[in-house]
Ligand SMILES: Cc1ncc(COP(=O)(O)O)c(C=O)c1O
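Shown below, as structure tokens, is a lone chain in the form predicted on its own; questions about how it binds or moves come after it.
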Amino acid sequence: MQGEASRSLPCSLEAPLSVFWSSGPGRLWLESNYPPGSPGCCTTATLTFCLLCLQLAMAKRLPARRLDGIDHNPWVEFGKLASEADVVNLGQGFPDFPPPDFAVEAFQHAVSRDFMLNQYTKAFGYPPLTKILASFFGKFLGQVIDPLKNVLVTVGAYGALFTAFQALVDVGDEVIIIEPFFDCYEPMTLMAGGRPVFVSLKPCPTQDGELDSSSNWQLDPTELASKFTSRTKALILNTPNNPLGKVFSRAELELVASLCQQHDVVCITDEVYQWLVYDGYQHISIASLPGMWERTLTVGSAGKTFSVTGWKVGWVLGPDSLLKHLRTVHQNSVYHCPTQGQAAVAQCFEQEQMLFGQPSSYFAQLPQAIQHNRDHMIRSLQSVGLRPVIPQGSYFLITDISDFKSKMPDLPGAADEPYDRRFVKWMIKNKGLVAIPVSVFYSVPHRKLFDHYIRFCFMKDESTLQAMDQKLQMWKDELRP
């Protein structure tokens, strides 16, 4: 089959070129209306160039534009570096110790006893799970939660966040993101067509010799208020914060709540680390504040709650007026989450509901054990001249590397590469320790302002921390005069 296509080609000919498609895939040729050798005839080189231009003009763009600029992922990059060397991996946030026995038994029960758990369940959540989530969290949020209308089970907290952004953020909408932020918030905003608007937590000065604390990192109320406009659709809050470990105080949450209410803005609150809070601090859900349930989506994670990050069971709680839009996205994307994982998580929550507030509760035991790990890591990092920022919660702490930045300013790397990225690559290669550069948790304009911090994960087994100690001791010996 042959046919002509009319295209404007960058050719010197005044006469038209005929473009013919052959029946073979991808085969076409050009034919001049001038005889060979005449003054107007194209040379072979010119025809070839015209052909390439035509192919480029007719080629379809393969990737969707929503993917522009978000193809890079720090976990892939630094995970690859960690796999190429003999290292102690304190980068990615997951436990390297077993889950509690009751969680393992719950999963074994789910996969071995009721054969119907191998089949579909309700699209928006396995009924025993949505029921226990409604009962359990209703007490904390001061709400009567309807399991059918106010709970959505998702593929991890990641899935809850993605579903929320896709359901609520439209082209041109602004989303306020508090820095440092978990890195998926920005690309999820962009994929939905929204515009990220950033506001930074800023550290307050400390006394000489005193360690900084995540509680010292504060929002400027005036700056935060200035970020709200008529186009602001949502604000995303993360408490306890990753990577900083900050637990937002009631006063800070009341500031955020008042601005959200004043400007009719939805609050998406990522609270996956809510049970990992230290030193007597208290986690407060912003949805529990007056007037906030109606405009808040609260995201949780079984992975962080029961130390089973691979189960990928998450949820989002909120009013039906918001959740009905998330259900629309959910039913037209994943539709349904694995039944057996949901059944296991339901059983875990049923046990914790009976034990809650008692010393034997996992939610009481886990933070005590992990605070011990945190303190161990703080002492070890201090021994080599690193200055940890004491976290109030989460799996992580960040540590100040300013002293190394002044002593070793010229580490290998691209001239425009933030210092913390170069430092982490150097540390992986030369010290056998993996961390994550904190600049990846900031917007591009702010990365150079905070490129003197790196993030470590202390949600690790005692043997991992001892291996860290050995690496740091070798480092310490090298630093001695």
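Predicted, not measured: the structure shown is a model, and the values here were computed from it. Each residue number is its position in the shown sequence, starting from 1.
Just so you know, the form predicted in complex with the ligand exists too; it's not on screen, but the next bit is about it.
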The ligand: the contacting residue among 272, 287, 164, 401 in the predicted complex [heavy atom, 4.5 Å]: 272
Selected contact from 301, 130, 342, 298, since only one has a non-hydrogen atom within 4.5 angstroms of the ligand in the predicted complex: 301
Stretch from 113-121, 364-372, 234-242, 100-108 whose residues place a heavy atom within 4.5 Å of the ligand in the predicted complex: 234-242
Would you please decide whether residue 158 lies within 4.5 angstroms of the ligand in the predicted complex, comparing each non-hydrogen atom pair? yes
Could you confirm whether residue 185 comes within 4.5 Å of the ligand in the predicted complex, counting heavy atoms only? yes
If you check in the predicted complex, is residue 149 within 4.5 Å of the ligand, heavy atoms only? no
Check residue 312 for me: does it contact the ligand in the predicted complex (non-hydrogen atoms, 4.5 angstroms)? yes
Sequence-ordered list of residues in 197-227 near the ligand in the predicted complex, where near means a heavy atom within 4.5 Å: none
